[in-house]
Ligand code: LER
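Quick setup: one chain, the form predicted on its own, written in structure tokens, and binding and motion questions come after.
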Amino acid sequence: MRLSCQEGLVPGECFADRIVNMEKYGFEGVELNGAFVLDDKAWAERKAVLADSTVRPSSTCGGYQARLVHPDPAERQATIDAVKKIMERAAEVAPGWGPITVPIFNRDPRIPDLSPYKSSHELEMELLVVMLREIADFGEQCGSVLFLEPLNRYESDSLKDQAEGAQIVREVNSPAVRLMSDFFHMSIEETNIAETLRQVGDVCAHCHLADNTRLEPGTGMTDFTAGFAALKAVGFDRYLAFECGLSGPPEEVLPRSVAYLHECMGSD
């Protein structure tokens, strides 16, 4: 397991400065802002910096409207186009990584309920599989991966929990679509994070880290030791990315949280 950090959490006047600080704080990976990957100039800067760094890209987060199951076909297509562009650019740097997406947020229009034929949720999940299969075909061709993220009921109830996310990924059945497990969202939706990770370990390929406070790990009650033990048990060897607020200056709290997580992993 390797620790990664979202680029916006680390100080620096430019991307190169932030990467230097990430390495100093103990991170091996960076989670890029998807908006910068989509922007030609910003992407060229990041691509050049990463070519000369030991810090490797783990994922991208945000930067486009996540609307794979929006009732408007134009909105769905806009999401597909953004995801494919990010996947294509990710493959320029290294294989096996790419964007994170959710099906849709609660604030967006949703597919109407057609009961007794099918509920809104049933229709969204069937549509999601269709959309993900198109992405999977593209990802397999270019060597990139989409990470599907279940959130919590307050942000999006489209995917109910990790089990349903894993079910969708298994149905798509492609190495180019994998599950992302977020410790903060799991602290709301799951009764046992460690057991959940064991159950979805066959399809989980990325994790987000935040304590139940949604601040950096080590500020709350989440049992990262048990969670990491479960990930080790299922053979997880990919990135765990900080996606959280910070309780203090990043140059102080990020290295401290990294050290805490290494203790939870049972390593120095």
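Numbering starts at 1 and follows the sequence shown. What you are looking at is a predicted structure, and each value in this text was computed from that prediction instead of being measured.
Beyond the structure shown, there is the form predicted together with this ligand, which is absent from this document and is the topic of what follows.
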Practice prompt. Given this ligand in the model of the complex, answer whether the residues 61, 102 and 155 all have a heavy atom inside 4.5 Å of it.
Written response: yes
Worksheet item: With a 4.5 Å heavy atom cut-off, would you call residue 46 a contact of this ligand in the model of the complex?
Response: no
Worksheet item: With a 4.5 Å heavy atom cut-off, would you call residue 67 a contact of this ligand in the model of the complex?
Response: no
Practice prompt. State yes or no: in the model of the complex, is some non-hydrogen atom of residue 243 no more than 4.5 angstroms from a non-hydrogen atom of this ligand?
Written response: yes
Discussion item. If we define contact as a non-hydrogen atom of the residue within 4.5 angstroms of the partner, is residue 182 a contact of this ligand in the model of the complex?
Written reply: yes
Discussion item. Please pick out the stretch from 168-176, 77-85, 147-155, 120-128 that is in contact with this ligand in the model of the complex, where contact means heavy atoms within 4.5 Å.
Written reply: 147-155
Discussion item. Can you list, in sequence order, the residues from 197-230 that come within 4.5 Å of this ligand in the model of the complex, counting heavy atoms only?
Written reply: 208, 214
